[in-house]
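Only one chain comes next, encoded as structure tokens, the form predicted on its own.
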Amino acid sequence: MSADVYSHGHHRSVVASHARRGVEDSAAYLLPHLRDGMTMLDVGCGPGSITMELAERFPHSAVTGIDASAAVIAQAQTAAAERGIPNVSFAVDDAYALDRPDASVDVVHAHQVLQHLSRPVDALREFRRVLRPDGLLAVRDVDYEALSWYPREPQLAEWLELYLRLARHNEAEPAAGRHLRSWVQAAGFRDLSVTGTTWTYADDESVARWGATWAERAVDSDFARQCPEYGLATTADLQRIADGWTRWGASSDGWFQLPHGEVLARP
């Protein structure tokens, strides 16, 4: 299995945030290219919200979600059983060494995955290995260096600088969105279609939720554990950042935008 370090970890605040993701807000660029009956592999599926929605939308497709975390895969399996989705499965697997034969998959989808890998091009080459000759790669990642928000809460700027340092300490690339085209080409894919979309939080409910999520993550998640462990921040620094997120989340005019790069390509 990969030795990569996941900067976010799987604290409940992280997994709950990931479980809110769906096809429309995270894979809309891919939807028009899918058809029922395809074999789909969702790499880095986390709690499986996108994976399960793909299976429900395409009931004659075999959809498999994989993740390096056994705990989060167990959560996805429980959720799929509760929802009664017969054509979805989940397994622990390694993005660098997939437990799949060559040329066996129609679609490989990876949402917010490559930004956390120390060897994204190697992972993409592995995705290419398992794709059929007429298969389709779909990757989408945020560009943390291009985030923007209002009001200009200074602790959010402190948080972002710290997050960039932490991710790069873990040999990952937090500005992955802008690198996707280059990485996909380096892995040998062709016929690229490159787009960009955003997540924008600009209503009271989403601003409050995003602020509360990061206020908790700043002091309780693996982010909060790794920063002091690596000497990047103290617990007092993290509490100050959490307080800033709480203030921002309570603002009546809050706005936060996360730009993403998206690439579709053929093997």
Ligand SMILES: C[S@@+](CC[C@H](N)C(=O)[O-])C[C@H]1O[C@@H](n2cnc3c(N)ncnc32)[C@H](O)[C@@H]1O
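In case it trips you up, residue 1 is the first one in the sequence shown, and so on. Because the structure is predicted, anything quoted here is derived from the model rather than measured.
Unshown form predicted together with this ligand; subsequent notes refer to it.
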* Asked: Does this ligand get within 4.5 angstroms of any non-hydrogen atom of residue 27 in the predicted bound form?
  -> no
* Asked: Does at least one non-hydrogen atom of residue 117 fall within 4.5 angstroms of this ligand in the predicted bound form?
  -> yes
* Asked: Using heavy atoms and a 4.5 Å limit, would one call residue 158 a contact residue for this ligand in the predicted bound form?
  -> no
* Hey, in the predicted bound form, does residue 46 get a heavy atom within 4.5 angstroms of this ligand? -> yes
* To do: Work out which of 206, 64, 69, 226 lies within 4.5 Å of this ligand in the predicted bound form, going by heavy atoms.
  => 69
* Name the residue from 153, 143, 106, 93 that puts a heavy atom within 4.5 Å of this ligand in the predicted bound form. => 93
* Which one, 54-62, 229-237, 37-45, 207-215, holds residues whose non-hydrogen atoms are within 4.5 Å of this ligand in the predicted bound form? -> 37-45
* Structure fact -> Near this ligand in the predicted bound form, with a heavy atom at 4.5 Å or closer, the residues from 217-239 are none
